[in-house]
Ligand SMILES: NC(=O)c1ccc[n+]([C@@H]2O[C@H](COP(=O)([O-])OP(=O)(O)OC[C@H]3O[C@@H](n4cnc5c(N)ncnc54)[C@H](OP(=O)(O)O)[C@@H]3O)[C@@H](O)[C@H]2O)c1
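Here you get one chain, nothing else, as structure tokens; it is the form predicted on its own.
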Amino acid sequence: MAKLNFGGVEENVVTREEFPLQKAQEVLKDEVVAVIGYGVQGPGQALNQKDNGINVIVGQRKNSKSWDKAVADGFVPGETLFEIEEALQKGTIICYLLSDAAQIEYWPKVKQNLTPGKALYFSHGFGITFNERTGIVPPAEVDVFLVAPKGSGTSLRRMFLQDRGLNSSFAIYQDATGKARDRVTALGIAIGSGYLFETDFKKEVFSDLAGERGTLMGAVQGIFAAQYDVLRKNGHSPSEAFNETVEELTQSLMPLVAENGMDWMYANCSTTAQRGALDWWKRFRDATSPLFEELYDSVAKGAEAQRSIDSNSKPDYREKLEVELAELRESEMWRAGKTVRSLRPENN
């Protein structure tokens, strides 16, 4: 394991160079990795492991859309695709990739099949960190760890097919066998991580919940909407407002930031843009910092977790979710976005 120094702060990281795929295959050669759930993270993680030569099976409810998707992706019923309970019985490493609400529902079946020596793998620290709310308390005789890709399962798969890697965090909650570190590192490499950085379950879920509600999704949508609305109110067309708010950021500037950093992007734009960005970024920081403090406090107190559990466990959750998503989808900004995307050269 390597140590990286970030301005005096050391972090433990694992790269593909020091833990190559061949080593991961050796560690996992006698394991049956059962991916439970084939929704958000399941397909990317299962397919990447399959392509990397890992003995992986999928557990999913039969006659569901996800079951059909797994079949379409090449998993064979009765051979590499099973009902959840049968996959739990066969697996020596249980990749518990159901939604947080579904993890609570299926936990009794999972726990029943966690015999000594097995491993329980998560991609989110939610169920363990908030176990007083979820009831997810693993038996002492199994390894418990996580690998959390820093992106969607779709991105994990897409980057894997491009011979790139999506960075992931990893954490060990319980090492019953003495093999937990090798097992979790091997799985992190097998699912296609670019590099792995060490954390713990609590920090993973706190940063994840704050990030999703903050700059990754909630805050960025709020900022998009605010700027777009101001431009429209001042007479700018939908096309102009969308291009200046979203399209230029996502298609031109963020790729440069990803490649070289924000400082490089600032140094390679017009002097007018430089001056404006340098004058205004701290004002946006100072204006939003109290909101981020409030958000993190809500996460740390468990309020965000409880809201998710209460909301996502209701029988009409999907119907209410669709109403909220429709509000986004049918807003003028994202209808403009659909039109703008259709005009990109690659779509014509």
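Quick caveat: nothing in here was measured; it's all calculated off a predicted structure. When you see a residue number, it is the position in the sequence shown, counting from 1.
We do not show the form predicted in complex with this ligand, though everything after this point is about it.
By the criterion of a heavy atom within 4.5 Å, P238 is excluded from the residues contacting this ligand in the predicted bound form. Although the partner is absent from this view, R318 contacts this ligand in the predicted bound form, with a non-hydrogen atom inside 4.5 angstroms. When contacts are judged by a 4.5 Å heavy atom cut-off, E105 counts as touching this ligand in the predicted bound form. Remark: Q112 does not count among the residues lining this ligand in the predicted bound form, judged by a heavy atom distance of 4.5 Å or less.
For the candidate set G218, G151, P139, G194, a heavy atom within 4.5 Å of this ligand in the predicted bound form is found for exactly one residue, namely G151. Only one of N55, S308, S298, S66 lies close to this ligand in the predicted bound form, with a heavy atom inside 4.5 Å, and it is S66. The chain is drawn here without this ligand; in the predicted bound form, the stretch among 298 to 306, 26 to 34, 282 to 290, 57 to 65 whose residues come within 4.5 Å of it by any heavy atom is 57 to 65. Of the residues in 205 to 220, none comes within 4.5 Å of this ligand in the predicted bound form through any heavy atom.
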